[in-house]
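Presented as structure tokens, the chain that follows is alone, the form predicted on its own.
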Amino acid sequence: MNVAVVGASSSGLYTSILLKRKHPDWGVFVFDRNTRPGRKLCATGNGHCNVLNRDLSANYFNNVPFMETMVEKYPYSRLEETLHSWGILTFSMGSLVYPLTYSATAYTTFLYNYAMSLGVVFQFSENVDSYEADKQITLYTETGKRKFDKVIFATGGKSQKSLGSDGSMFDVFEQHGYHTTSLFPGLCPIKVSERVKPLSGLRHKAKVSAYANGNLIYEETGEVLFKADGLSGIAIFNAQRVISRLSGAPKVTIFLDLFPDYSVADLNKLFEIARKANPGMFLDAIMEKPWKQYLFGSFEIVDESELSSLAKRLKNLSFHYAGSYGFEFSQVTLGGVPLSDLDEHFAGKKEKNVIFVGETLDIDGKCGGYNLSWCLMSALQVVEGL
């Protein structure tokens, strides 16, 4: 049995390893257009590779009913056990799980070398641009054509084209009758209508609350990064993922509470203490200069009512959503090959020897190791059926 895995992505590496461990006598061949494996994987987790999350819940993914069955079948303990069985050691920061090397590059290199030690054959700089499905699968590349008994597409989505993921295979899948759902950039910065350029580069812990037509749709506390035309940071990424799935064109407003650990009354008391200690400079102990200019201009705190107004404003800054950044700035792609076109092991219902895995499928999760968890879960599910 010869199997082709198209894409040396995280899901492609996981699948090839699982295949060779289960079927040592099978030929497993990985094709990738890049010159090396896992380029996108090497960039994950700010270069540290957040591989799993101990708090694995279906609620952190789209298609919750389906993911409930997957999480029950492949809980965190099963995923951790799988990595440990390959010799991968991990450690945790809260619920976030990282390889012991704390290096995405080292993690990717380990997976690649381990796959090769099992007998997986890699073919780099080899772009698969189409295929034919009959009794065997014929893959067409720039250098010719190759026949396999099965093909597993681990080509990812459209996010981060510079790292080799451009979504071009979705057009091919459409030609074969897979009704790909609409694709959107996910887990990326957002643009806002307000002029936030003066705050560009600043970071601040904040409670992020997103409202659509006045209804709360997402809330999370985390660090927010201000860009020249918008907002970034993990909490913003997760809110953007929810906003992008809204139907119609609702009015979306993002509220930031810059001091989520304090009530307005408590914050006001702190400001009073600071002002009494140093009336001329107490704002400098509360916020950086760009904040003062953005919020107040030349405004100076004179009386208690103005001080109270300051506390209220810092806990309720509003920004109006004006769009998301594009695929090049997104961590994942929302949408993909729908599960309705596939069987329980992600093989095509009409093409039983054509299989899909990882981000190619219409499943995505929030930030925090959930998408890499899905890559491993889907690889386990695929290989179970082979």
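Sequential numbering from 1, following the sequence displayed. Computed from a predicted model, the values in this text were never measured in an experiment.
Beyond the structure shown, there is the form predicted together with a small molecule, which is absent from this document and is the topic of what follows.
Figure note: of the listed segments 316 to 324, 339 to 347, 352 to 360, 63 to 71, the one touching the small molecule in the model of the complex, with heavy atoms no more than 4.5 Å away, is 352 to 360. Contact with the small molecule in the model of the complex, judged by any heavy atom within 4.5 Å, is made by just one of S209, Q160, T180, S244: Q160.
Taking non-hydrogen atoms only, D229 never approaches the small molecule to within 4.5 angstroms in the model of the complex. Although the partner is absent here, L56 lies well away from the small molecule in the model of the complex, with no heavy atom inside 4.5 Å. Looking at T155, you'd find a heavy atom of it within 4.5 angstroms of the small molecule in the model of the complex. The closest heavy atom approach of E126 to the small molecule in the model of the complex falls within 4.5 Å.
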